[in-house]
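Next up: a single chain in structure tokens, the form predicted alone.
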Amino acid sequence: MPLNRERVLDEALRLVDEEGLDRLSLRILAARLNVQAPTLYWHVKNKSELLDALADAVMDEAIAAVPPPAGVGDGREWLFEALRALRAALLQHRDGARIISGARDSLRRGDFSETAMATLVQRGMDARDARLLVLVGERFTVGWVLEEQSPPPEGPAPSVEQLRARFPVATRAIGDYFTGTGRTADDLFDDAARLALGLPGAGRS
């Protein structure tokens, strides 16, 4: 099969999914493609361009999953669904949030932001407020997934009793939220995102 940019990017994303972003290098990628590293420069100029292209690929998945805007409302409910689609796309790939957060020139991330802001403006929101709300939503979501995808800390974890003694309010609130309610980590994201966007219903279902 001839080498082209699409094949290079597919294999790079596969490498990250299998071994993590820290293992991504042009040398390792070339070895997986059975070519010499300089051959890759015909398709990606450097690792920075490769990371931006991977971010574009992940954002393609997020954008494809965003539902069309509903005909009513100020657009915040639609933005909530767009953020859920973004989180799902990031979680589909190991280190997905790191790929996105490290890509400074991802045009597809810009497309996501532009569409979100335009949708809010079309529904009557001031452009400045729309930009701030989309910025809050995107950074909230990427930061949330960065924490979800971070490796567990090394060493023994503190006991439940130690945590309760040191953080009594937090542990009680966590217990109230999850114990006997059937709520999941997905529900936690949904409720926190709704709160961040100023939408009703967060944590009350």
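Everything numeric here is computed off the predicted structure, so don't read it as measured data. The first residue of the sequence shown is number 1, and the count goes up from there. In this text, rigid core is short for the largest set of C-alphas that superpose within 1.5 Å between two forms.
The form predicted together with the DNA is left out here; the points below concern that form.
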| query | finding |
| --- | --- |
| Pro38, His43 and Asn46 all contacting the DNA in the predicted bound form, non-hydrogen atom within 4.5 Å | yes |
| Contact stretch among 144 to 152, 60 to 68, 25 to 33, 161 to 169 - heavy atom within 4.5 Å of the DNA in the predicted bound form | 25 to 33 |
| Proximity of Leu3 to the DNA in the predicted bound form, heavy atoms at 4.5 Å | yes |
| Pro38 C-alpha moves between the shown form and the other one by 2 Å or more, core aligned | yes |
